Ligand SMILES: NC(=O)c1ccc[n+]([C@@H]2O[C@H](COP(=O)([O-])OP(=O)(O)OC[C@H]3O[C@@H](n4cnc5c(N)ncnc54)[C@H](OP(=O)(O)O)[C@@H]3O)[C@@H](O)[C@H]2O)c1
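The data below hold one chain only, encoded as structure tokens and taken in the form predicted alone.
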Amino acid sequence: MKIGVLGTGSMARVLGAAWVRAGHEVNVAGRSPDRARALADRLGGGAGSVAPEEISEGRDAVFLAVPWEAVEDVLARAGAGAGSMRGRVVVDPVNAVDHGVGVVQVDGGGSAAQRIAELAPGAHVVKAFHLFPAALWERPSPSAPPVVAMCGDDPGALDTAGVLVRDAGGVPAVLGPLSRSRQLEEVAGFAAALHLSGADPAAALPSTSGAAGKAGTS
């Protein structure tokens, strides 16, 4: 698969490296050409760097690994508003969350993923990869791989995103259409707020392990 990574931060580095190891062709673009070249060199495996406006050319998927506050500028540089990503799978791991209080910061309601879809008309946006930090993807556990909840409207795009999840060491799980992406983004805010309060977010959710068997014997 040909993957464009739009961004040069930790998520771009860690997941880009995973996809290179899996045999995918990876190209990197960012607001800084020097940082994009440096990341491509670090990824190895034939990874290259391109200008932002070239990131979607001939790609099967574009991974938008930038902070929420940079999304509009980066997509504009990539020509998304003019249709450069039409027909492309755009995987959105962006957290539009105020990490101080865990509130989703999207003007006018809706979700970051839906706003990205507006900024990239014709793109097949899939919300994914936003609930786990980059460090987890350095060494995902084979015995307990992270489950990556995803939202999207296009079945083919969800299949493509699922390949990227599996090749990074995770398990894809489709929550529903992109209209449910706000729900996924609120989960990130929920987790951030509990973490800041000193609580383990995982401990705040009930385990369903064995629930079906127990229900059958009650």
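Residue indices: 1-based, along the sequence shown. Computed from a prediction, not measured in an experiment: that's the story for all the values here.
Beyond the structure shown, there is the form predicted together with this ligand, which is absent from this document and is the topic of what follows.
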Subject >> Single option in L184, V165, V66, L178 placed near this ligand in the model of the complex, where near means a heavy atom within 4.5 Å >> reply: V66
**OP:** Let me know the one among V74, A117, V104, V148 whose heavy atoms come within 4.5 Å of this ligand in the model of the complex, would you?
**Re:** V74
Subject >> in the model of the complex, segment of 30-38, 53-61, 167-175, 151-159 with a heavy atom within 4.5 Å of this ligand >> reply: 30-38
**OP:** Flag V94 as yes or no: does it have a non-hydrogen atom within 4.5 angstroms of any non-hydrogen atom of this ligand in the model of the complex?
**Re:** yes
Original post:
Could you tell me if P121 has a non-hydrogen atom within 4.5 Å of this ligand in the model of the complex?
Top reply: no
**OP:** Report yes if any heavy atom of G4 sits within 4.5 Å of a heavy atom of this ligand in the model of the complex; otherwise report no.
**Re:** no
Original post:
With the cut-off set at 4.5 Å between non-hydrogen atoms, does G9 touch this ligand in the model of the complex?
Top reply: yes
